[in-house]
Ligand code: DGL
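Next comes just one chain, in structure tokens: the form predicted alone.
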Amino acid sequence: MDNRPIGVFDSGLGGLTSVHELHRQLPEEKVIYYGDTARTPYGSKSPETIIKFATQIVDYLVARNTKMILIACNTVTALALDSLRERYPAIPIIGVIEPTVRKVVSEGCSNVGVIATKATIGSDVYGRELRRMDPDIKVCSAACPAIVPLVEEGLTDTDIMELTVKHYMDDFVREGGFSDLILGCTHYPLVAGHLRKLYPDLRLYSSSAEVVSEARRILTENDMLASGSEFTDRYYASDMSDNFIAMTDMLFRDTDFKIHLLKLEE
């Protein structure tokens, strides 16, 4: 048993989808969440900047005595995971990419689409991991950079978002010919409704869900599951926007929580 909290972070609001899934799969676990809402989106920033920001956040979470770190951000996973693991070799640090790829390959998918930020797509991390696990798999990738800012602005369930999804996806789906789609950004489960409506034949894989399944496996194998913890979930943001508060209200309406403003050192 290990009642220390799990550290979870994202470039903004999207990682809250992973926290929601964590509470569903592991209701005894407690969380310290950090959303870097003042510096989002990360997807258009340089690798050096992304690594710098991610290191600042993980330094803070480790200092709060977390037992595990979940990187609820595909961009950070793609560009900073190895660096963060080298910095903290004694703490399990889990990214969203490998668990998602393992799930897709285990289900025998042969032609897979991937949508993500520019940085994630530019790194080809999903393509490399998919081909490493299955050299015969076909991978089609597309960057969808406008989705994250629209989610961060609270425009998820709007005609603007649906038109944006269509703009990125219509030709991509038609030309790619795939039936399985990886949502390679933790913001993207929030537009899954649009994807299912517009492309009902696609099977969606959420990186938000798969990273939590991996966390559950590691905690179970290492006897680190929590039980009866008195710790209270804590949520931090680098910018206390109305959108962050609205998103938390939507995902955790039945939870007693407080949001704290926390700006880390530049």
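Sequential numbering from 1, following the sequence displayed. Fair warning: this is a prediction, and the values are worked out from it, not measured in the lab.
Note that the form predicted in complex with the named molecule isn't included here; everything after this is about it.
Checked against the named molecule in the predicted bound form, the candidates Val148, Leu190, Val112, Val125 yield a single residue with a heavy atom inside 4.5 Å, and that residue is Val148. Looking at Tyr34, you'd find every heavy atom of it more than 4.5 angstroms from the named molecule in the predicted bound form. Within 4.5 Å of some heavy atom of the named molecule in the predicted bound form lies at least one heavy atom of Thr117. Across the options 153-161, 134-142, 68-76, 87-95, residues that bring heavy atoms within 4.5 Å of the named molecule in the predicted bound form belong to 68-76. Although the named molecule is not shown here, in the predicted bound form the stretch 28-59 places heavy atoms of Thr40, Pro41, Tyr42, Gly43 within 4.5 Å of it, in sequence order.
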